[in-house]
Each structure stands twice: as C-alpha cells, then as structure tokens.
Ligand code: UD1
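Just one chain is shown here, as structure tokens, and it is the form predicted alone.
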Amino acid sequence: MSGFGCVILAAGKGTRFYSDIPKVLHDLHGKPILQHVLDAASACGFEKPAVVISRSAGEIGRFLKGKARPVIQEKQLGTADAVKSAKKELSRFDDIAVLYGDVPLVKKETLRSLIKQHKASASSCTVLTVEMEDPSGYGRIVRGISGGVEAIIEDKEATEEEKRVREINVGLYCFDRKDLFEAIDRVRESKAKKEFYLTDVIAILLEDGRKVAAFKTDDPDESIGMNSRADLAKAYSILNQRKIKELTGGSVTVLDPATTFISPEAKIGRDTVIYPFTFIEKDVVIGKHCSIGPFCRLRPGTTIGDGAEIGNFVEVVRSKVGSKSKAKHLTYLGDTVVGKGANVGCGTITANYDGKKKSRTVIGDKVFIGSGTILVAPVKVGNGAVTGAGSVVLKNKNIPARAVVVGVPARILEKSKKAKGKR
C-alpha cells in the first residue's frame, strides 16, 4: 500500500499460556495466531509488515522468514517502546497501521474501513472502537459534539458517568507517522510497571490539539486478545461459527453448527449437506451436492468430488475422492485417489505408512471395495475391479481392471465375462 506502512506488535511474553511455545505461534483453527493477523494485513495490501519481537523470540523470527520484517525490541518496555523500535523500518511511510500479533479476530474488512476512515479524516490518529454490553476494564471513548475523539479514559480513572459509556478502545490504530513518533518521544514511563504505553500517545496528540478520529466496528469479538488458553478456545469457536454462518448464509446446509467444525480456509460447493459431529480442516475442497458426515474427519489435502458421500467414522487425508463415489462407514483413506462412481465398503483401510514412508493407493472408476478390505500401499485397483470382504491386497500387487480378488493375501478369483471376451 503506497504511503501506508504496518507494524505488528508481537513481543509479549504470554506468561499466562504457561507454554514453551511463543503465544503468537499457538495454533488457532489450523494456523498460528500471528498468521491470522498477517493474513488480514496482507489482504489490506501490507506485504512484509514490520513485526516487533523480543530478542529471545528466535522461533518467531524463523516463522516470519519471507513473510515479514522482524524487528527486535531489546527490552520489554511497553507498547510505545515496541513501536519506537520499528521507527527505522517505518520511516519511508506517511501513515502507519498498528496491529497486535495476539488480536487475531479482526476482520480484513474492518481494517480496510479503518484505513479508509483515517485517510478521509486526515487525522493524526484513527482508533478502532466497538460498543460492548459490559465495557468493564476497557478504556472508554469520549466523543465531542462533532463526533471526534476527545479523550480515552482508562476504566480505573473513569467517573461513574464515564463508566456508563459502552464504546471502548480496541487498541488498533492508524497514525500519521510524523505525529506518532514526535509524540512517542514524549511518552513517560508508567509508575506502576515502568513501561511506555501507546495509549499515552493518544493523550499527547489530544493535548496538542491534534485530530483523533474513530472507526467503530459492530463486532465485539474483534477486540478479543489471546491472553490465555481460554481465550484461544473462545477464538476457535468464534472463527468456526463465522465460517458456518458464511456457508449457511449461502448455499451449504450445516445441520448442527454447535457440533460441526469447519476451517475458515475450507471450500464447500453448492447444495452440499454437512451432518453433525463433522470436522473439516484447512486445505479441504468439497464439491457440489455432497453428503458429509456425521462423525467424519476430512484432513488437509482432501478433495471431494461432486455428488460424493463421506459417512460416519470416515477419515480422509491427502486424498481425492471422485464424483459420485461413496465411503460411508468406518474407513480410513490416506494418500489415496478414488475414481468416479466407486464404492468403498465399511471398514476399508488404506495402509499408507510402512514405518519409514507414506505411499499412494489408487482406486479406479466404478471399483467396489468389499467390507473390511486392507489395501497396503503402494497399490492400484483397476477400473471396475472388486475386492471381497476381508481381503488384504499387498503392496505392489496391483489389481487388473474388472478383476475380482479375495483372501489373505488377496488373489484373483475371476474376471468378468466381458473381460474374458477381450482375451
């Protein structure tokens, strides 16, 4: 974005996570917390933003390689000091967006609107705000007659009248770069924690008569920070329900949103029905008119063709299931390609891992896999072939088209009359 830079603050210790993993690298619905913020920034045109991390956060630095420009905050001296650490990296921009690496629920649409408001208002600062039913603990936004921000009052310093204000400071900002860094140099160390706070920059700008505007989002969930694993669980649920709302507001039926989990990155086609207790992870593509679940799990790298049916207690990973094929009961398909119109019987297992590497199974068009079949990869089952119930097809023992195999290990029983006629 020409003239507009972005800094993401991610140097917090995350002590309430009680973890060896940096807080912002904890998984949230299939990707690290910080990646959600990076994705929102990227959607607004911020490529490789500056990300402030601590000297000891080598793991975060490695994660950011190629994605952002890590900036070291030598000591944890507060949010104002963190932004100041990135002064050099931000020097070429006219305006700066300040985001937090542990506030992952902010929507790209909200960030775009915040940036647009900042540009239109020609303000020194534009604050993201939201109204909350219970604003306790948050800084209140005091607006003037013209609608501009006159003050941000911390909860502990608010009068009884000010505490009745429901509009709060989310903590995400856009700044005029020059005004920001002039004010940062004047921020004083807090007496309580000996830190320098970015909120004090707002107070300095207002004291100087600078214009401070606000953009109000209508979604309080966007303000949630990840300060504990309880917050992480809440964020997971929120992202899940956002995705389900998007799908059901369109052309997909989700019969029980409370027990269904769908990655924000999953793609699901028109008139597909998702049954209860179904888990659909990232990098999953489901076609049109499919039936998915109940009690099934579609893992990354899965593609389900139009009209296919995936039933109860079926797990699919790194696999492709062709159109109008079925895997209805108690089945594992790993590193597998299933053709069109195939039927994978109850209890079928693709044994894709031999203890050293994972191998591929290919099941052709209109194949009938009998109940309890084990396919030991790598192996191919030709078009129209049939496996008898309980068969064990050993690796590299490919089954010819239209052959029927039975037994342990599986052996060819017969070929169809059609196949014999072609000899």
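Here, rigid core means the biggest group of C-alpha atoms that superpose within 1.5 Å across both forms. This one's a predicted model, so the numbers in the text were calculated from it and none came from an experiment. The first residue of the shown sequence is 1; numbering continues from there.
Keep in mind that the form predicted together with this ligand is missing from the display, and what follows is about it.
Participant: Considering this ligand in the predicted bound form, which of T217, T331, N169, S319 comes within 4.5 Å of it through any heavy atom?
Facilitator: Here the answer is residue option N169.
Participant: Pick from R188, K88, R164, K193: which residue has any heavy atom within 4.5 angstroms of this ligand in the predicted bound form?
Facilitator: Selected option: K193.
Participant: Using heavy atoms only and a 4.5 Å cut-off, decide whether all three of V314, K324 and N383 touch this ligand in the predicted bound form.
Facilitator: Judged in the predicted bound form, none of V314, K324 and N383 sits within 4.5 Å of this ligand.
Participant: Does any heavy atom of R16 come within 4.5 Å of a heavy atom of this ligand in the predicted bound form?
Facilitator: Flag for R16 set to yes.
Participant: Going by a heavy atom distance of 4.5 Å, is V149 a contact of this ligand in the predicted bound form?
Facilitator: Close contact is absent here: in the predicted bound form, V149 is far from this ligand, nothing within 4.5 Å, heavy atoms only.
Participant: Even though this ligand is not shown here, does G225 get within 4.5 Å of it in the predicted bound form, heavy atoms only?
Facilitator: Contact with this ligand, yes.
Participant: Find out whether any non-hydrogen atom of G78 is located within 4.5 angstroms of this ligand in the predicted bound form, and reply yes or no.
Facilitator: Within the cut-off, so yes.
Participant: Would you mind picking out the stretch of 237-245, 271-279, 286-294, 99-107 that comes within 4.5 angstroms of this ligand in the predicted bound form, counting non-hydrogen atoms?
Facilitator: Of the options, only 99-107 has residues within 4.5 Å of the partner.
Participant: Output the sequence-ordered list of residues from 132-155 with at least one heavy atom within 4.5 Å of this ligand in the predicted bound form.
Facilitator: Heavy-atom contacts within 4.5 Å come from Y138, G139, I152, E154.
Participant: Against the rigid core, is the Cα displacement of Y100 between this form and the one not shown at least 2 Å?
Facilitator: Not so; Y100 is displaced by less than 2 Å.
Participant: When the two forms are laid on each other by their rigid core, does G137 show a Cα shift of 2 Å or more between this form and the one not shown?
Facilitator: Shift of 2 Å or more: yes.
Participant: For E167, state whether the C-alpha moves by 2 Å or more between this form and the one not shown after rigid core superposition.
Facilitator: Yes.
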